[in-house]
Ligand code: CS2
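Read the single chain below, which is given as structure tokens and is the form predicted on its own.
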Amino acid sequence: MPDNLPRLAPSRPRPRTGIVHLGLGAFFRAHGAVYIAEAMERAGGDWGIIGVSLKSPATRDALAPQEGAYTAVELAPEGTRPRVIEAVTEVLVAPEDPEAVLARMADPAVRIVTLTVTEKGYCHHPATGAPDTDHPDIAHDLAHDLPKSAPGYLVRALQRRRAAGGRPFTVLTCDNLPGNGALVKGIALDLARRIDPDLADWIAAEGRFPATMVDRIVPATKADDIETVAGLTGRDDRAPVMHEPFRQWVIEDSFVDDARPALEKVGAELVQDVTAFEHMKLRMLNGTHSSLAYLGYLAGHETIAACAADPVFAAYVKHLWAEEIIPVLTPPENTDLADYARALFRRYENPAIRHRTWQIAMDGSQKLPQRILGTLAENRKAGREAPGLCLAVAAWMHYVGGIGLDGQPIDVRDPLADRLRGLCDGAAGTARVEALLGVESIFPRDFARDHAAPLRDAYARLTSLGAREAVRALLP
């Protein structure tokens, strides 16, 4: 990249703050922040975003010299389209100054706190939804006023607002969790009750935790993406985000004092019940993404587009939708699930989106319950077999052992990685299935009992045939 390119900078005055966002990663900057910027352009309002990084200063360090401005680049098969987003006004790094984060969240001007902290960021047991009180960050947050975890920041900031006689902010989670609004509310109330029961009662009565469904494929930004953006724009942007053309945001219309950006004017769907949209997306998109991630990775495919270009894996994902996922789904009103599946496959085929199987495979212990295990349980309840999803879980069971089917090491990123690797190292062959099914924070006891036999069979086929041939063997 030429050294003389000017650094990207805002072209207009900064909006006043109305939102704090916890977890300022690529997804929110390519999705929620774009909607919010467009809503302010269309209908006005003070909805500038203060971003908070809960772990690393990298995003702050990239955005600060640009005063929060960055380029969002649409990657379509026919070409790229960059645009500058100027909704982010400040970025804080929570471990450096937790007091500053709480002060911003307690400011009455902040009416919404949004979150994209990934499943593991809620520090809960995925199988039950209960907070993990043994998690070191949760244990810290229960004992100290300055928190470390996302739930801790929510509760301690709401505590300050109540003490000041103010109104609560709306908590708007944008993570892929079933019943995400109710789940986060339950975690917050549990923590608040342990700190101050009256605080919990106030949050329950006055707070709002709307459910959401978010959808846009956003691959991790790479160094060569920064070069590409420089060539497209003639500006040095150290924090661009790349995304597919498609986007969707379905939001339960439940906000404190009805205070929110005019998101419905820019394509977001404000509804009374998100459940059907959420199940459709979590199981049809995220469920097949995870299935392709583990099996595709073990078969040597680097990206989802590579999986979609392989006729065996293309047939596999279409089989999952038609035979194992759609039959146990209730579609949202005016939605044809077969049409939705066809649209998903077109998105998977997009060669401009390099969504890595290894990236999607991260944190599987937190993702499997809502993406795959619920569908398996509902198929069993209906008396249906689901061998394709069983094979996906078996692939995860091999993946977390840290050694691929080719004998090469796997860089497993998961909050339970050490525990899972230990269980795998201590169990040979299909005994690994039994060992991993004993992790109750992932697999409820009833699920483990009901699915042990088909998962053993799937694991045996996977390790004897290899990933691609095991997939081929289950297809008609």
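Counting begins at 1, following the sequence as shown. Since we're looking at a predicted model, the values are computed, not measured.
FYI, the form predicted together with ligand CS2 isn't displayed, but the following is about it.
* Based on heavy atom distances of at most 4.5 Å to ligand CS2 in the model of the complex, which listed stretch, 81-89, 211-219, 185-193, 104-112, is the contact stretch? -> Selected stretch: 211-219.
* To do: Counting non-hydrogen atoms within 4.5 angstroms of ligand CS2 in the model of the complex, say which of N350, N286, Q159, T233 makes the cut.
  => The residue from N350, N286, Q159, T233 that makes the contact is N286.
* Since exactly one of H301, R260, K148, R371 fits, which has a heavy atom within 4.5 Å of ligand CS2 in the model of the complex? -> That would be R371.
* At the 4.5 Å heavy atom threshold, is I360 in contact with ligand CS2 in the model of the complex? -> Close contact exists here: in the model of the complex, I360 approaches ligand CS2 to within 4.5 Å, heavy atoms only.
* According to a 4.5 angstroms non-hydrogen atom cut-off, is N176 in contact with ligand CS2 in the model of the complex? -> N176 belongs to the contact set for ligand CS2.
* Would H355 sit within 4.5 Å of ligand CS2 in the model of the complex, counting heavy atoms only? -> Output for H355 is yes: heavy atoms within 4.5 Å of ligand CS2.
* To do: Although ligand CS2 is absent from this view, report whether H279 comes within 4.5 Å of it in the model of the complex, heavy atoms only.
  => Residue-level check for H279: no, no contact with ligand CS2.
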